[in-house]
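Before any questions on binding or motion, here is one chain by itself as structure tokens, the form predicted on its own.
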């Protein structure tokens, strides 16, 4: 509130949404919930391996998107937190497996040694499997104050997202495309819509489902998340060329070395960046009807195209 000496009246100044503050606060909530979600059991090595990667940091973008969408649709954070944790468990599984020698063969993730470099390939595979299975158990057992049919919808959505119709299918086509020079934009879009975009879309949509969103709202939020998902991958492709190992927290230039088809290899850096910005603008347009309540989702969309790590 501001008081002018002449008029003695109070005037409301518009406040800009502070994404950094929002992300840091939400990340603390997510980190706390993740730490509580898995304790050390027997055999201790597998639990230690699962926790090693699950608690290794990162932006926690997927759980935060789930929480933000649930709140936007009128739900409470507590309703969505088990699903938010499950999304991060699934994402962590995909990273553990993606880093394996038989896949992308990377030594570092989020600035730390990858799981298989610490625990061996065998335990890393099992840690990913354990996280994937536990994600579904956690949603089913820990979600409170949500109708059972909505929890079932979330479980089904997560299953489709991670399976052959989603993440797994995208990863297979990604591996098959390595070294090929005739990959089209359509094929590349399919890879990334499934490998990266599907989990981002599930993060938004499951948050909406838990809050009881209508089919019309879910369709609108699906378009938002599909656009930010593809923009996210385009920016990842750009950063693989332009960022350092330290900025990425993993080895830069891996896509080029593996002769992977990327958006910059098809379109060049400038056109790729322009396409990412276009997608984000289309995503933000889906939120017009929600006013300032959608500021977190708008700001996250903008962050996706401006990040440097």
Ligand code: GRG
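Just so it is clear, the model here is predicted, and its values are computed rather than measured. Residue numbers count along the first chain shown, from 1.
What comes next is about the form predicted in complex with the ligand, which does not appear here.
Within 4.5 angstroms, counting heavy atoms, which one of the listed stretches 144-152, 165-173, 76-84, 203-211 is next to the ligand in the model of the complex?
The contacting stretch is 165-173.
Although the ligand is absent from this view, report whether residue 116 comes within 4.5 Å of it in the model of the complex, heavy atoms only.
Contact check for residue 116: no, nothing within 4.5 Å of the ligand in the model of the complex.
Since only the chain is shown here, I'm wondering whether residue 231 would be in contact with the ligand in the model of the complex (any heavy atom pair within 4.5 Å).
No.
Does residue 180 make contact with the ligand in the model of the complex, using a 4.5 Å heavy atom cut-off?
No, residue 180 sits far enough from the ligand in the model of the complex that none of its heavy atoms falls within 4.5 Å.
Contact label in the model of the complex: residue 93 to the ligand, heavy atom within 4.5 Å
Result yes; residue 93 sits at the interface with the ligand in the model of the complex.
Look at the candidate spot formed by 59, 98 and 196 and say whether the ligand comes within 4.5 Å of a heavy atom in all three of them in the model of the complex.
Per the other structure, all of 59, 98 and 196 touch the ligand.
Which of these residues, 218, 132, 238, 126, gets a heavy atom within 4.5 Å of the ligand in the model of the complex?
Looking at the other structure, the residue within range turns out to be 132.
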